[in-house]
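The chain below stands alone and is given as structure tokens, in the form predicted alone.
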Amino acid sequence: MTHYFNGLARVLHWLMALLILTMLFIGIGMVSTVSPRYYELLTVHRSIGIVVLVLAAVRLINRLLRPVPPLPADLPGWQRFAAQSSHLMLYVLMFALPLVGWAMLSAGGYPIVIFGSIPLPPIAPHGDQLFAVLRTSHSVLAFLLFAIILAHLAAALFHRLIRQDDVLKSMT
């Protein structure tokens, strides 16, 4: 019998997957271009980042209130640990990346405006050294998130194609 994630969890999962991948690619494109579209990309990146932060909070609340389907009973302990650890890291990064980005802009003295007109308050003191540390941290965390997403995708394919269990089906 297949156990499924609740509807809200499934919608949030796929919506956030799309938004986060969009963020990663915009971020990479943004920092590697001198295009006049840089500021447009930056505005989109900031706005989606705040949306991801809000959706991560909704997703966490939903996960705490609604039980998740159990992993297969015959899953080896190390795979169970890897699954639980990677999910925890995904949640940590869904909160950390937008907050570090917001703090980075605050430390740099940049205005934080989302959707072209909604200002957000600074959440970190202004400081060039803090800005540099947060900028590096934001980049490192983004690459870590990308690596964990790739591992997450590989695990989903492993469950579908090798184990042929219902793990992937529970989210689709």
Partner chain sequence: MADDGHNPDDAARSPPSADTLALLRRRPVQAVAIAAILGIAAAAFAYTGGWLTPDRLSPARFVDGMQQAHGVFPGFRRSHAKGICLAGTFMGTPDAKSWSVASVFNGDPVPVTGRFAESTPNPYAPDSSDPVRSMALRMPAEGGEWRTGMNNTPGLPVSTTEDFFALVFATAPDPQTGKPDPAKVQPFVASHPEMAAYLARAAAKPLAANFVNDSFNSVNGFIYVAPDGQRRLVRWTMRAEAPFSSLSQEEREKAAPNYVFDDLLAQVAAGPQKWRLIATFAEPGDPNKAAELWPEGRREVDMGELIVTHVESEAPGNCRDINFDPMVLPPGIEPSDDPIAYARSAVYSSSFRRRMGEPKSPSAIAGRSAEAPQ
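The shown structure was predicted, so the numbers you read here are calculated from the model rather than taken from an experiment. Numbering follows the first chain given and starts at 1.
Only in words, not in the display: the form predicted together with its partner chain, which the text now covers.
Visitor: Please determine whether S86 contacts its partner chain in the predicted complex, using a 4.5 Å cut-off between heavy atoms.
Guide: No.
Visitor: Is P122 part of the interface with its partner chain in the predicted complex - any heavy atom within 4.5 Å?
Guide: No, no contact at 4.5 Å.
Visitor: Does at least one non-hydrogen atom of L24 fall within 4.5 angstroms of its partner chain in the predicted complex?
Guide: Yes - in the predicted complex, heavy atoms of L24 and its partner chain come within 4.5 Å of each other.
Visitor: For V31, is any heavy atom within 4.5 Å of its partner chain in the predicted complex, or not?
Guide: Because a heavy atom of V31 falls inside 4.5 Å of its partner chain in the predicted complex, the answer is yes.
Visitor: Quick one: which residues from 122-161 get a non-hydrogen atom within 4.5 Å of its partner chain in the predicted complex?
Guide: The stretch 122-161, when checked against its partner chain in the predicted complex, contributes H126, G127, D128, Q129, F131, A132, R135, T136, S139, F143, F146, L150, L153, A154, L157, F158, L161 at the 4.5 Å heavy-atom cut-off.
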